[in-house]
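Quick heads-up: it's one chain on its own, the form predicted on its own, in structure tokens.
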């Protein structure tokens, strides 16, 4: 049984990862969330996870919480075979819109937290003698999106991934990142980037033409790649930044659409 911690594991991509790993079998999933309300929402959306996923609370941007997370996992499991740094926040706007305190909050959640949590849990990852860290980044790390703070923080996550892959390789710890395109989750609504479900659906529909595959991503699309990177099938993959984006980063609006 492999012990896997998924941060932001009570909604969106994180919840899809927890659900998939539980269905695959062979994994004890520990789902971390800052909000009890989100944990309860997760169990309403995925009632089959009750009693199978170990839901815990904690703020990964806080050193004391990370130490508490270490203590809980160390006492119950003793080792950690996988860490998925998925927790994130999104604040729309550029340098004229985002004040410094909000900028710091975005970087604390999106970049500082993966650094801090990985550092804190490193002894448990080493104990597994062959662990995998998967950072959920974004194509916004390569192509500026709607948020300067989000894009910059995710660019940092990509470099953190590559650096840690080199540093932790001797411990047989693999470190990779997955860069999703636009995925339909609760993130935009929870972050109040869009005011309503109706506006969100309009945004998704307007974005579809820029995805050559012809659709917006689903959380399961990302979960499948994460599952692969956590598995022994990816035992020779480390330091990789993998786009899972429906082809939007290679979209070329100059080329005409294929005629039927």
Ligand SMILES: NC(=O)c1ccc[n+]([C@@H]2O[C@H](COP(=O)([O-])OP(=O)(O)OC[C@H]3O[C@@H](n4cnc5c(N)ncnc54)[C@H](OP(=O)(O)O)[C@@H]3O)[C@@H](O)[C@H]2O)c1
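Small disclaimer: the values here were computed from a predicted structure and weren't measured. Positions refer to the first chain, counted from 1.
Just so you know, the form predicted together with the named molecule exists too; it's not on screen, but the next bit is about it.
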Students should find that, of 116, 187, 168, 152, the residue having a non-hydrogen atom no more than 4.5 angstroms from the named molecule in the predicted bound form is 187
With a 4.5 Å heavy atom cut-off to the named molecule in the predicted bound form, the contacting stretch among 19-27, 5-13, 247-255, 232-240 is 5-13
Going by a heavy atom distance of 4.5 Å, is residue 46 a contact of the named molecule in the predicted bound form?
no
Residue 35 within 4.5 Å of the named molecule in the predicted bound form, heavy atoms: yes
Hey, in the predicted bound form, does residue 132 get a heavy atom within 4.5 angstroms of the named molecule? no
Whether residue 63 contacts the named molecule in the predicted bound form should be assessed with a 4.5 Å heavy atom distance threshold; does it?
no
Contacts from 122-158 to the named molecule in the predicted bound form (any heavy atom within 4.5 Å), listed N to C, are 136, 137, 138, 150, 154
